[in-house]
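Here's a solo chain for you in structure tokens, the form predicted alone.
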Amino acid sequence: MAVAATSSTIGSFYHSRSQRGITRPRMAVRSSALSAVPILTSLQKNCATPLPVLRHVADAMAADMRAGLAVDGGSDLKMILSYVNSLPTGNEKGLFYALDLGGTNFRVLRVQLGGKDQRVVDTEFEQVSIPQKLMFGTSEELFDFISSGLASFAKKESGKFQLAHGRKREIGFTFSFPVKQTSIDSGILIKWTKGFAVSGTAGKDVVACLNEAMERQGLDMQVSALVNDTVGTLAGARYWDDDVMVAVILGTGTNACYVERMDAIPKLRSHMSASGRTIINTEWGAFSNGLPLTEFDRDMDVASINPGEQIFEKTISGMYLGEIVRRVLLKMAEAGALFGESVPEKFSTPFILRTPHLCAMQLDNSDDLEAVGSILSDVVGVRSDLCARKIVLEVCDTIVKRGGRLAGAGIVGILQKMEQDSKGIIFGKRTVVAMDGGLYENYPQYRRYLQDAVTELLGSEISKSVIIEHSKDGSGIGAALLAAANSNYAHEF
């Protein structure tokens, strides 16, 4: 779908191959579709990510990382200290729990670790939906509900999970809301996001809130690690592969973290670890330097709940790709009559077109693009002919290609910064970037564009040693592993 949509290309008859290899004629675009072409051409021009644009984004990412490490507030990137100084080594033994709270569900998990020889002996997990009323209730009500679910899960602990004599159950707490971390096992909530408006928690230590709720439940557990989901993903992947240096979440939202040298963090006045390294949570969704943006991005940003913030996230993550495409298609429908003379009211509903819809449309290989037509009809209420569907696919591809390639440039920016500080640490050997999140996992075109950008920026030789690897559900088990790595009983391993 990368062919530029010029009026001469789209307006003529030409041949293509269907999935079955049969050559078939395509229809000429009717006048209403043709009138949408200038909008498409302008969109493709403004979203273009040639190599110089990617280089600028990678360089700017590295520069903003340095500025954020120099002083708090030094750049758009917060560069938050995770206090994770002890990564899992494989020596960890025993029973550990994890609690993952990052949205409208929370997940509880237990894992039995067997040390170097056995690694993960067994694991079990459950997912619990949070009633909507608790998302707007009090802090005590929410944490009581969570600890009740945790207690119920703990009661089902079978004989294959063994807690060593004299030990207390320890838990890794993945908390994916903005927190100012103060130690490995404490952090102050800055604000609730993702539709939560819980009273009485902001400014409080979320670990203390959970510990108090567990005490009210009579649950004999303690939190030994508070982690962000991206940090948990890195720890989970690193447990199996010592070459993991970076982790990236690409799902509804996005973030990245990486292993940093303590002496490369000027704003860190003290708190040196024995390893001399820690994990930095970049909060890269806030990055904004040099991104190729359009009128549709700016309009979406102005209408958002956080205008002027999270610009990188709004350009590359799953929550927003569908909405950008909807805004483009709505303009084509209104200004160019792409779908006929009338525009259904539901087409104007923000976020009605979601990223999974884009993926499903891009996977349509039928002669008449039947799936594309069905989604347009069912989701936004418009009828379309083959020519209109082709233009819709061009719009999807343009927005998804930009997102994937910019995400790839961001990854290269992180690697570049690490390499500049320690020559040979990245580009001289095998380096793994652990990826998680539904967008990366489920959208093959996005994955391909991301990898293409990394290869173009690094060159074919260096890129061979940079492995971008999916780490499914890494944050949950990663939190349990960090609880083990930071256990009160670590000296016994």
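Note that the coordinates shown come from a computational prediction; the quantities given were computed from them, not determined experimentally. Whichever C-alpha set is largest while still superposing within 1.5 Å between the two forms counts as the rigid core. Numbers for residues come from their place in the sequence shown, where the first is 1.
Another form exists, predicted in complex with ligand ADP; not displayed. Remarks below refer to it.
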Query raised in the report: Looking at 455 to 463, 42 to 50, 438 to 446, 424 to 432, which lies within 4.5 angstroms of ligand ADP in the model of the complex, counting heavy atoms?
Result: 438 to 446
Query - ligand ADP contact in the model of the complex: M319, any heavy atom under 4.5 Å - result: yes
Query raised in the report: Counting only non-hydrogen atoms and a 4.5 angstroms cut-off, does P356 reach ligand ADP in the model of the complex?
Result: yes
Query raised in the report: So, in the model of the complex, is G103 in contact with ligand ADP at a 4.5 angstroms heavy atom limit?
Result: yes
Requested in this report: With heavy atoms only and a cut-off of 4.5 Å, decide whether G251 touches ligand ADP in the model of the complex.
Outcome: yes
Query raised in the report: Considering ligand ADP in the model of the complex, which of R238, K417, R107, R326 comes within 4.5 Å of it through any heavy atom?
Result: R107
Report task. Compare the position of the CA of S176 between the shown form and the other one after a rigid core fit and state whether the shift reaches 2 Å. Result -> yes
Requested in this report: Verify the C-alpha shift of K423 between the shown form and the other one: is it 2 Å or more after superposing the core?
Outcome: no
Query raised in the report: Can a Cα shift of no less than 2 Å be assigned to S129 between the shown form and the other one, given superposition on the rigid core?
Result: yes
